[in-house]
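Shown next as structure tokens: one chain only, the form predicted on its own.
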């Protein structure tokens, strides 16, 4: 690795850590060499490690623990708590007047207990995960009922429809490619969405499930409640990888804990005239700012993607309440701008 490499992996992969982890393998055959492969290949990585299974976080802890502490501020003795109770949200809407918030979206990542994560899962197990998830989704009814579209063998008409709806996920980026998450593409992967297109599940993307609830407008309680109901139904048939210390376990350590990103597209054209200031304010509110097309994208028409920053050591309900308060503050400041 060159001197230009500034990832957390490079910082914490000391000679002592290398010695401790020499010859260590998880039950899915994952090693420290596998964990750091993406970070070694991509010198612009900020974190630089992936977990191959839930045991990566214990057996490879000499590397993962200091990275998790530096990124999340979550120590080895700290615990995580989950809480998906929509009744605990402090408001129904992020924007009661309906003037600023364009849409609301909450997604979580999940992996199934006992299987390797994307960087280490076998071809056979990926297929098995897909089968089990799809069988569970077939039990959904009411507003959660929908259709599963496998990526493999997808016809052009279906592909174009999913592209038009902005539902179709693509092959993972170069970081995931180097980490081994794109193997056997597009086998064992697909998209489920409800008839009203407010509920989606991505199967075998970066994590084995990406569960998404979304809709136009600012009714965050409705979005959160739908997500909570869906997760509850899935958990009746599937057991997710979870620990009391790290919460829901994900392939990327940045998503540990709630594994949740609660976000809104919100009109902030006046604040957006000084994006550096907007980002400073958002940081103080424990929020992140992106363009409307995701990380590293630009704002369009003064619309920004605002989301929760903290994932680990805070419950889902608490994270959404931070979003409610923070977006409320941003809207107030937008109204006050000259």
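Note that this is a predicted model, so its numbers are computed, not measured. Residue numbers count along the first chain shown, from 1.
Another form, the form predicted in complex with arginine, is not on view; read the next lines as being about it.
J.: Considering arginine in the model of the complex, which of 120, 252, 129, 200 comes within 4.5 Å of it through any heavy atom?
T.: Going through each option in turn, the one that passes is 252.
J.: Check each of 115, 148, 185, 175 and return the one that places a heavy atom within 4.5 angstroms of arginine in the model of the complex.
T.: It is 175.
J.: Does the 4.5 Å heavy atom contact test between residue 26 and arginine in the model of the complex come out positive?
T.: Contact with arginine, no.
J.: Should residue 206 be classed as touching arginine in the model of the complex when contacts are defined as heavy atoms within 4.5 Å?
T.: Although arginine is absent here, residue 206 would touch it in the model of the complex, with heavy atoms inside 4.5 Å.
J.: Hey, in the model of the complex, does residue 58 get a heavy atom within 4.5 angstroms of arginine?
T.: The answer is no: residue 58 has no heavy atom within 4.5 Å of arginine.
J.: Wondering, does residue 45 line up within 4.5 Å of arginine in the model of the complex on heavy atoms?
T.: Flag for residue 45 set to yes.
J.: Can you tell me which of 75-83, 185-193, 148-156, 252-260 lies within 4.5 Å of arginine in the model of the complex, counting heavy atoms only?
T.: The contacting stretch here is 252-260.
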